[in-house]
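This text opens with one protein chain seen in two forms, each one given by itself as structure tokens under the names structure 1 and structure 2.
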Structure 1
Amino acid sequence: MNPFNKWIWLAIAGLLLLHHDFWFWENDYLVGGFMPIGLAYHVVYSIVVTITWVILTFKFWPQDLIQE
């Protein structure tokens, strides 16, 4: 039994891949002159995760939980 839509798993897999930002690993650029880009990336990542959960919970909330 899998009550969860395939888009949920695709979104989660995508976010897991995006978490490992090896491309910024040794980049010391400061965004806005105050935040290291490696940290800024993960701040944006946290916001993207939040937005993803907004979409997933409102568009793909499992049917069997709607009646509960």
Structure 2
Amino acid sequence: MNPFNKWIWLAIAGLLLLHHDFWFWENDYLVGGFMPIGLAYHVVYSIVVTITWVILTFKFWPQDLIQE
């Protein structure tokens, strides 16, 4: 197995664990004075997951499916 593959599996497992943010459920802090901290966390989380998904797509997309 490629060492890069191990890092990707660790990243996916970490993102799955971080998806359940039980530590912000009862926090009333507002980020920027208007956004609850739990919502701000999920905004950042969604951006990180999107970047991870793009990396996975470019790294593992089969080359024979690309039309020129």
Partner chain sequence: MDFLAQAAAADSDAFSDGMIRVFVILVYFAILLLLGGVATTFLKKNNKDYLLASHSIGPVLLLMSLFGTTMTSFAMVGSSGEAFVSGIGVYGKLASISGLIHSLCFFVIGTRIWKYGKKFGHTTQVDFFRDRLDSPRMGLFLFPVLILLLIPYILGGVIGSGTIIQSLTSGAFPEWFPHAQPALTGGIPPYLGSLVVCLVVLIYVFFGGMRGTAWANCFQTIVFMVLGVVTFYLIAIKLGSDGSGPDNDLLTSMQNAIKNVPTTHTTRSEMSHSLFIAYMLIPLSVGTFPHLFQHWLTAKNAAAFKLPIIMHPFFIMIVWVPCIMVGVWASAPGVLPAEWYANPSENQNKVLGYLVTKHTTPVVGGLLAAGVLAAIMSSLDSQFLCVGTMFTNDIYRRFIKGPNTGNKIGLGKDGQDNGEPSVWVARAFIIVIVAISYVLGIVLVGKSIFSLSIWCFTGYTGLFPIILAALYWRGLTAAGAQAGILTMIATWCYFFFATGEKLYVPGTDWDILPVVPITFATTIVMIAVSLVTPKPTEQTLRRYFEK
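Rigid core here is just the name for the largest C-alpha set that superposes within 1.5 Å across the two forms. Just so it is clear, the model here is predicted, and its values are computed rather than measured. One-based numbering along structure 1's sequence throughout.
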query	finding
Form predicted on its own - structure 1 or 2	2
Core superposition between structures 1 and 2, C-alpha change of residue 11 at least 2 Å	yes
Residue shift check between structures 1 and 2, rigid core fit, residue 53 Cα at least 2 Å	no
